[in-house]
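This document starts with two versions of one protein chain, written out as structure tokens and named structure 1 and structure 2.
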Structure 1
């Protein structure tokens, strides 16, 4: 039995079928890291709240361990007892110390245990050195860690994260992704995280769900979805893909194809299809090169730092085409 199961769940706001989510079928196994990806407004937070039980489906059912989840009207404390949700507004006590913010969630039944558990949780999230600092004196990434520590200290079975990475820089994102992975692995917590940036989910998720306009359009392993995107939309969302429709340079003119920028090889020496350099963006280890071929703008990565310049002639070849709808 899956830990969490959604059966044809629909939740629209104010009877507007273009809001919320529609006809969601989803199964999540215990211990999985699930990444829900979608543009702003695609229904990610709605889906998370339906799982947490703070929103009730209009039709369909949500099950936790085979038992239907109760809605907020049927519960004294909102949210499922075995789940914890961390959202962007972190609800920390900003003038209290880190230690007290975390310890405050544990009842005063056994003070030694309370202290030990708090120290352990801070250690696990690598915030022990911040114990005596006030929340207001922490960086965004540190605050995010405290919020997650608060969520996991009560040992939930499921941790729901609503855009936990959105305000973090690249290095902090990587650290937090690592934390989430350790939570799932060592504490055996099922993690469902929501993001508008697919990079957050590609590396650590066991299962990736792509939402578009309130519907699940892809559900599977991140690598499989990335390598075989069903839709042009998905390829664009996951990897800045170029889309070719009715193009003479593709294997079949009646089929649409997506091509990631790394699947295009650029040459300076008349090898391949002739085009013109439109823009070059230096990105450290590679140059992102925008070229124009017949009225089509194509993005390619130049890993060889061939030093392309605007308006120069360029030749390209495509080494992989992905059929898309």
Structure 2
């Protein structure tokens, strides 16, 4: 039996147009890290709230360990008792200290154990040095860590994260991803996170769910989905893919194909397909180069830093095509 199961779940806020999720069938196993990816408005947060029990499906059912999850109309305090949810609002006491925000979730039955558990949780999330600081004096990334520590100190079976990395710079984002992964394995909790950044899911998730207009269009292993996206929407979402439709340079002119920027090779030596450079964006270890071929804009990565300039001729070849719908 899966830990969490959704059967034909629909929740829309408006009639006759997409405004939530529709006909969701989903199974999540104990201990998995699950990433829900999709464009803004695709239904990611709605799906998370349905799992947590703060929204009620219009049709369908949501189960936790085989027992139907009660919604806010059936439960005095909305939200499942074995789950904790961290939203972008964080809901912290901003004028209290970090230690008190976290320790306040533990009853005063054994003060020594309470203190040890609080210190251990802060140490695990690398915020021990912030113990005596007020929440209002912390950065957004530090507040995010405190909110997660507050959520996991009671050892829930499921941790729900709504855009957990949205306020973080690249270095802090990598650290927090690592911490979430360690938490899941160390505490054997199931983590379900919503993100608009596919890297969050590709890097640490065991299972990835792609939403489009409120429906799951694919789910499975992140690596499998990335390498075989099936849909142009998925390829563009996960890797800035170029989509070729009715093009003479593809294996079959009648088939649509997606090509990631790293699958395109650029050169100056007149070998390949001729094009023209439109824009060049320096990105450290590579240049992101936009080229134009027969009025089609194509994005490629130049790992050799060949110093392409705007409007100069360039030749390209494609080393892999992915069939998509």
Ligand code: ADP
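As the structure is a computational prediction, the values presented were derived from the model and not from experiment. Residues that one form lacks are left out of the comparison. Heads up, when I say rigid core I mean the largest set of C-alphas that superpose within 1.5 Å between the two forms. Residue numbers count along the first chain shown, from 1.
Form assignment for the chain places structure 2 as the one matching the criterion, namely the form predicted on its own.
After superposition on the rigid core, only one stretch of three or more consecutive residues whose Cα atoms move by at least 2 Å between the two structures is found, at 14-17.
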